[in-house]
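The form predicted on its own is given below as one chain in structure tokens.
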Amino acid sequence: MSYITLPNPSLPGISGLLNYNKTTAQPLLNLAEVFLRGESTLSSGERELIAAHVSYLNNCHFCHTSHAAAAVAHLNCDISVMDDIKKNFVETPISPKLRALLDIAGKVQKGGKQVLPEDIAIAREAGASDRELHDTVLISAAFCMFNRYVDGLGTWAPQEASAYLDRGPRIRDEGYANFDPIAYIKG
């Protein structure tokens, strides 16, 4: 149960918090829209993978599983890719560039100063542009904030992946700017 009284306690994770305060909800949703679906040389699926990875490292089940479902929908892949990334993304069959960016995302999750010049050099060698480095760090930092918002207020989250996977296509198709927490939960 959430640490604050929510108008609809059946809404899990950030959904309940967005429903709680519409004044802060829209700017947060707009940020997510820009970071995850706006103009970038990284695909929306790659950006969702970064968000899911950081959320996993932050132990934020709701955000990790929600964004993993969105990544699966964008990339038209199996959820096993997310499981592989969780186990050991260094061994996961993804591009060297994405692997380097996930490494940077993991360092941002620990603290911005954990990102070292050699990490940037490795990502550049793998083909990452300045924009892709920028977007990776920004998404990673933002998802630390989102994760702390969700978990800092003690929201609940369904544990089974099936509660999220069928909603991934909705996120892919409709995005975040016009996100309706109640419609999202109803599927």
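Note that residue numbering follows the sequence shown and begins at 1. Remember, it's a predicted structure, so these values are computed and weren't measured experimentally.
Form predicted together with another copy of the chain: not shown, discussed below.
Participant: Want to guess which of 68-76, 81-89, 94-102, 107-115 is within 4.5 Å of another copy of the chain in the model of the complex, heavy atoms only?
Facilitator: The contacting stretch here is 107-115.
Participant: In the model of the complex, is there a heavy atom of another copy of the chain that lies within 4.5 Å of any heavy atom of residue 20, even though the partner is absent here?
Facilitator: Heavy-atom contact with another copy of the chain at 4.5 Å: present for residue 20.
Participant: Can residue 161 be called a contact residue for another copy of the chain in the model of the complex at 4.5 Å between heavy atoms?
Facilitator: Although another copy of the chain is absent here, residue 161 would stay clear of it in the model of the complex, with no heavy atoms inside 4.5 Å.
Participant: Does the 4.5 Å heavy atom contact test between residue 59 and another copy of the chain in the model of the complex come out positive?
Facilitator: Contact with another copy of the chain, yes.
Participant: Give a yes or no for residue 24: in the model of the complex, does one of its heavy atoms lie within 4.5 Å of a heavy atom belonging to another copy of the chain?
Facilitator: Residue 24 belongs to the contact set for another copy of the chain.
Participant: If the criterion is a non-hydrogen atom within 4.5 angstroms, does every one of 35, 130 and 153 touch another copy of the chain in the model of the complex?
Facilitator: Yes: each residue has a heavy atom within 4.5 Å of the partner.
Participant: Taking another copy of the chain in the model of the complex, which residues along 66-80 bring a heavy atom to within 4.5 Å of it?
Facilitator: Counting only heavy atoms within 4.5 Å of another copy of the chain in the model of the complex, no residue of 66-80 makes contact.
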